[in-house]
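Starting off, we have a lone chain in the form predicted on its own, written out as structure tokens.
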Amino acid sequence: MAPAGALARIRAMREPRGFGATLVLAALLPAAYAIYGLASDILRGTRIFGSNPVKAGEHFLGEWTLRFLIFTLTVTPLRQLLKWNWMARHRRTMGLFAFAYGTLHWLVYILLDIQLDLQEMVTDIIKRPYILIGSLGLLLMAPLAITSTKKMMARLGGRRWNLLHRLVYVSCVLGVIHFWMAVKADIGRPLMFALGFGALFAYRIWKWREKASALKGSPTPA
């Protein structure tokens, strides 16, 4: 019979029953709240998102985009450090939700904020270049969402797929810059995101250097 400690470790490596469905439902809740709040504030005059619901809803969705990017990048450390290998299959889910929330954030700006006024958008970008920075970050996430399937991974090949999906790091940096510039003086929340991404980047750099050192120290075949 296996020791109790060993059994506990084996159980810890297994995916909890219903985790995938629970994850998807939990990820949908902020979007549902945003849609309900915006609709209620605009159509019924409530103040769920305050006196300027469009801007508040827009910022709410933007922050959740960054949160889902954090969640996406956290999967690898959890998998490697805690041996939760089952988490790998949920990285794609988190990445797709990050792109979905970024798209909702952008749609609120286009449809509700400037109301499809292209002239106002051009003027806005000139006055507030962080809009262009955020849009570029979202644009870079589009090919990652499109190529997230196993079929596309096989078509591209593992090496090219991994190289392409490193664009997520650029999107994270652009997203934080966009948020930082948007809030101006109140940099507390952007700083927290910057520190979170910085820690996740530092972990990856450490693992890459560790792997490179191991390969360098390994004996060459005769």
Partner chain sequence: MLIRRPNALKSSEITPEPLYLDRRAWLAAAGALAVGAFAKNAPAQDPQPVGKPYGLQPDDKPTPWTDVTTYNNFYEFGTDKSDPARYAKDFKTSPWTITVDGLAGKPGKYLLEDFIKPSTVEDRIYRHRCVEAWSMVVPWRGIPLADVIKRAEPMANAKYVAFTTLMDQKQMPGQQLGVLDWPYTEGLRLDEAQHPLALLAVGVYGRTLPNQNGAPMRLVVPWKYGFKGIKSIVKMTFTDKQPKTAWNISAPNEYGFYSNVNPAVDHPRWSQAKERRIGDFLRRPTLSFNGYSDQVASLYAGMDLKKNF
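The shown structure was predicted, so the numbers you read here are calculated from the model rather than taken from an experiment. Positions refer to the first chain, counted from 1.
Beyond the structure shown, there is the form predicted together with its partner chain, which is absent from this document and is the topic of what follows.
- Remark: residue 127 counts among the residues lining its partner chain in the predicted complex, judged by a heavy atom distance of 4.5 Å or less.
- Interface membership of residue 145, defined by any non-hydrogen atom within 4.5 Å of its partner chain in the predicted complex, is ruled out.
- Contact annotation for residue 39: none of its heavy atoms lies within 4.5 Å of its partner chain in the predicted complex.
- When its partner chain is considered in the predicted complex, residue 159 lies well away from it, no heavy atom lying within 4.5 Å.
- When its partner chain is considered in the predicted complex, only one residue from 192, 26, 183, 154 comes within 4.5 Å through any heavy atom, namely 183.
- 112 is the sole member of 96, 75, 112, 140 with a non-hydrogen atom lying within 4.5 angstroms of its partner chain in the predicted complex.
- The stretch among 52-60, 66-74, 159-167, 193-201 whose residues place heavy atoms within 4.5 Å of its partner chain in the predicted complex is 52-60.
- Along 13-33, one residue reaches a heavy atom to within 4.5 Å of its partner chain in the predicted complex: 33.
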